[in-house]
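A single chain comes next, written as structure tokens; it is the form predicted on its own.
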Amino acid sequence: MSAELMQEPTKDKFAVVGRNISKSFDKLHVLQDLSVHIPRGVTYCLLGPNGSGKTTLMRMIMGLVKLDSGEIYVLDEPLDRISLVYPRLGYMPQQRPLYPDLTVQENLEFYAGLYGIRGQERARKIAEVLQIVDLSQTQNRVTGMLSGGMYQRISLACTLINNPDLLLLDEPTVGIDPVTKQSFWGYFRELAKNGKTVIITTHIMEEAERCDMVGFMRNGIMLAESSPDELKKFAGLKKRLQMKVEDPEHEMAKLVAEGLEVSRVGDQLVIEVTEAGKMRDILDTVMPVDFNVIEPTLEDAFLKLAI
């Protein structure tokens, strides 16, 4: 759904509401009259080419970057009162946020202290987040000696230490193995199921596809906010019928004569289709040796919208 066509939301149903946001650094326009609406209890992916403004928007939501114009509400509070909801936020930036000379335990104790978590509660929370990231045996290891994947897992553990209602994760799965990545996403879905909101940036289309919603940005503008499937429709993508035929030239001429747009790759004919009935008509006309229905991907949408 186009951002411009969205109905005005009620703030208390949304974790983040931003309207007419603009931001420039010197002469570089990073965000331009952007609006964003992120519901509570979803996984939401900020998607777009490099330089589209995703990290800047995320830092704005955290109150780390000032707006030139516009407004943002975070958990119902305007940015000038963001300190009121800091205890309910979790932020994992791209830059390494941990102290390399401290142990894992000491880093977690530091982050717990920032939120006033002390004593037995601190010990319980540290044990809990270490179990979530499957690193319960690493408390005494020096953080700077960890592998890149383990570092990411500890970074997530620190982000979760205060049980935040809103998590902002800037490329959280960079450098981690597929098994751990699967575990991360299982936990993200569980958080959303329990009413938390998880905002991520990623360049991995498979991960963006897993999100409940995608906000696609380009050149500092929010082009669309929707489910991944709706974003594909917004990009104008359709299913493709790929058919292997005995006489490609002859069959292609028959289909073109019926007003269809057909492309040819060797002995394969490819046609975009939207209706199941039309697909059956084409198959009856051509009688292919073999055929396959190709679903559009989020990567296809990305490539089309990024231009």
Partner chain sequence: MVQIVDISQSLYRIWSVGLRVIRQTKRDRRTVVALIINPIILMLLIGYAFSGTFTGINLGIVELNMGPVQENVLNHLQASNIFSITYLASESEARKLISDETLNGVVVLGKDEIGLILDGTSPQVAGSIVTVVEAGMQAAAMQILSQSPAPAQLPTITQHYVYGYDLEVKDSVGPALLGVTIFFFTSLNTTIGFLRERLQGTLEKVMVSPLNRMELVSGYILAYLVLSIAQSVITFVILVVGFKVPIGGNLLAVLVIVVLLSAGSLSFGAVLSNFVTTEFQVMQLNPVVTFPQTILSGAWVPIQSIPDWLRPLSYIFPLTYASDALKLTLLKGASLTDILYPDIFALLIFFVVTFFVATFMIKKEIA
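Model, not experiment: these values are computed from the prediction. Positions refer to the first chain, counted from 1.
What follows is about the form predicted together with the partner chain, which we do not show.
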* To do: Please check if Gly175 has a heavy atom lying within 4.5 Å of any heavy atom of the partner chain in the predicted complex.
  => no
* Asked: With a 4.5 Å heavy atom cut-off, would you call Arg264 a contact of the partner chain in the predicted complex?
  -> no
* Asked: Can any non-hydrogen atom of Glu128 be found within 4.5 angstroms of the partner chain in the predicted complex?
  -> no
* Asked: Do Glu109 and the partner chain come within 4.5 Å of each other in the predicted complex, heavy atoms counted?
  -> yes
* Asked: Among the candidate residues Lys233, Arg96, Arg210, His203, which is the single one with a non-hydrogen atom no more than 4.5 Å from the partner chain in the predicted complex?
  -> Arg96
* **Contact residue in the predicted complex, chosen from Gly186, Gly116, Gly148, Gly195 - any heavy atom within 4.5 Å of the partner chain** => Gly116
* Asked: Taking Val17, Ser22 and Leu75 as a possible spot, do all three reach the partner chain in the predicted complex with a heavy atom inside 4.5 Å?
  -> no
* Could you tell me which stretch in 265-273, 56-64, 38-46, 246-254 has residues with non-hydrogen atoms within 4.5 Å of the partner chain in the predicted complex? => 56-64
* Mind listing which residues of 133-164 have a heavy atom within 4.5 Å of the partner chain in the predicted complex? -> Cys158, Thr159
